[in-house]
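Just the one chain here, the form predicted alone, laid out as C-alpha cells.
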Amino acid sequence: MSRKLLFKKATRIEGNANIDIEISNERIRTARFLIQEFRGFERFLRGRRVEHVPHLISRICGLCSCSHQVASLRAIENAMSLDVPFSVEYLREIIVLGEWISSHSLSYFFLSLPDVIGAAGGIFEFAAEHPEVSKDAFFLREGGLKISELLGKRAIHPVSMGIGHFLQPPTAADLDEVRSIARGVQTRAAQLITTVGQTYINPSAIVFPKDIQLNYLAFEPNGKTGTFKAFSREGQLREAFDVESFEDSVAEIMTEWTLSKTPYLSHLGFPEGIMMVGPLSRSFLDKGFLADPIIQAFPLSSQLKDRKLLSLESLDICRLLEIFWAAKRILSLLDQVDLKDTGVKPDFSINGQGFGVLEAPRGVLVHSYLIRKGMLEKLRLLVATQFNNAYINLLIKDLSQRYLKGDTISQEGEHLIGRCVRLLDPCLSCATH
C-alpha cells in the first residue's frame, strides 16, 4: 500500500515549490522538490537585439538580477571578441559582490537563522527577541543593496551597465561611498561571525548521506577567463575544464515532474556526475575565501577544515564568512579602478558564440549565446539552483526515510526537510527560466 504526502508551498525561499513524498510499505519510494513555474527566457529572447538582452534577462530574478546582467554582458562581449577594460570588469565585480552581501544576509539572517533560534514567526519574531543582531542583519542587507545601487544606478535590475562600457559611469563620490559601506560591512560581519555564527550553527544537524557521491563545482576566475573545478567529498580535484570546454563537459536532463534542468558532468554520466554549487563549493578553491589569512583566524572557519565532516549546515558558515570576504574584496578592487577607463564601443556586425560565467551568490552561473549580426540567435542558461536541483531531491528523500514513522513523516522530519531546502537557498525564478 502506498501513500502520498504533499507539503504545499515550501516557505522562506524565493519562489513557489511543493514537496511530494510517496511512501510504500514503510519506505520512501520517491521524494520530489516540485518546481513548476515556466517563464520562457531561453525562447522569447531569441531574435532580440543584443544591446537589449542584458537588461531584459536581469528580469529573471529580483535577487540575482545583477549577476545575470553581468553574465549576459560577458557572453555578448566574448562572442564579439571585445576586449573590455579591467576597470569595467572591476566595477561589475563590485556590483555582483554587493549582491553577494545582500543575498547572503537575507538567506542567513532572515530565512535560515529563525529555524535554529525557534522563531516561528520568522524575521519579525527574531527581530523582537534579538534586536541588536537584527539591526546588524538589516545593515548588511541594506549595505549590499546600496553598493549595487551606487554603481548600477538601481539596486535591482541595474541600468548603468552596457556592452563594453558603462552607460552611466560612477563618480569618485560614488566610489568613496561604496568604500565606506564596505568597511562598515566588514566590521559588522566580523562581529557577527564571532558571536552569532559561533552560537547558532550546528554542523551535525543535516549530514550528507555517505552513499551519495558529492561533486562540488566552482568557477575560479583568472583575469578575464577562468577554470571550472569539480572537487570530491574529501576535497580532491576531480575534474577541471576551461570555459570553452563547458558545452562538452556539462550535459543536462529534464524530467516530466519538474521544469528545472538537472546538469551533470558528462564524463561521469548521470547520476554520478550531478553537482553542488554555491558558497560551500567555493570554499574548495585555492584562491577562494577560505584561503584568506584573516578568515582562517576566525574560529568558525575551523569547522570547514575537515572535509569529511562537512554538512548542509556548512553552507551557513560559508555565507557568513563570504560576507566578510566580499567586503574585503570590494575594498581591494576599488583601489584598482581607473574612472578614466570605463569602456569601449562594441562592433555589432561581428558574429560568434560566447560564454559569460561568474559566481553568483548561490553559485555558478553560465550564459551561452550565439550571436549573428547583432541579434541573439540562440542562448543556453544554467543557474545555481539547477546545478543543486538533484541534491535537493536526494537530501529530501534521505531525511524523509530517516524520519519516517509508519506512513507519515515526524514533525522533526518535516522541520528538517524545510530547513534542508532553505539551506540550499533555491532561487526558483532563475531555475525555471
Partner chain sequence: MSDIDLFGSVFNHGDVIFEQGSSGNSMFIVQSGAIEISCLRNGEKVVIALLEQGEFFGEMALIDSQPRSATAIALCRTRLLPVHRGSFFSRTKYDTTVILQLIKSLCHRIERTNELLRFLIMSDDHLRSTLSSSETLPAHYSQEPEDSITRTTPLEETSPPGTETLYPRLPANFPWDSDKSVVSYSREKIIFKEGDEGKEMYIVAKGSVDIYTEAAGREILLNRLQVGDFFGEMALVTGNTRTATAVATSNTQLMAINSTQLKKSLSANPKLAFFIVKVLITRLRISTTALESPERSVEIVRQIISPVFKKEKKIRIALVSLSTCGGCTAAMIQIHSDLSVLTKIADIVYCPMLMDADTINDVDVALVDGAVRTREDEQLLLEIRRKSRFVAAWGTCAAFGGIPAMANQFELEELLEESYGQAIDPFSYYLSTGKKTGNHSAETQANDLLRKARKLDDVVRIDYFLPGCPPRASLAKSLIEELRGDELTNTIKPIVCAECPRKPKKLAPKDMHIFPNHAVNKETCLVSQGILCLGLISKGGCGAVCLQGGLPCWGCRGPMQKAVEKIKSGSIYEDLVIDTVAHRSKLRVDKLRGLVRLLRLKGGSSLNFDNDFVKDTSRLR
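Positions refer to the first chain, counted from 1. None of these values were measured; they are calculated from a predicted model.
Unshown form predicted in complex with its partner chain; subsequent notes refer to it.
Query - residue 173 within 4.5 Å of its partner chain in the model of the complex, heavy atoms - result: No, residue 173 sits far enough from its partner chain in the model of the complex that none of its heavy atoms falls within 4.5 Å.
Query raised in the report: Wondering, does residue 406 line up within 4.5 Å of its partner chain in the model of the complex on heavy atoms?
Result: Judged by the heavy-atom cut-off of 4.5 Å, residue 406 is well away from its partner chain in the model of the complex.
Requested in this report: Consider residue 39 of the chain shown here, and say whether it contacts its partner chain in the model of the complex, taking contact as heavy atoms within 4.5 Å.
Outcome: Within the cut-off, so yes.
Query raised in the report: Within a 4.5 Å heavy atom cut-off, is residue 209 in contact with its partner chain in the model of the complex?
Result: Residue-level check for residue 209: no, no contact with its partner chain.
Report task. Spot the stretch among 147 to 155, 82 to 90, 179 to 187, 333 to 341 with residues whose non-hydrogen atoms come within 4.5 Å of its partner chain in the model of the complex. Result -> Result for this chain: 147 to 155.
Query raised in the report: Is its partner chain in the model of the complex near all of 223, 353 and 426, within 4.5 Å of a heavy atom of each?
Result: Looking in the model of the complex, the three residues 223, 353 and 426 all stay beyond 4.5 Å of its partner chain (heavy atoms).
Query raised in the report: Can you name the residues of 42 to 61 that have a non-hydrogen atom within 4.5 angstroms of its partner chain in the model of the complex?
Result: Result: 42, 43, 44, 46, 47, 48, 49, 51, 52, 55, 56, 59, 60, 61.
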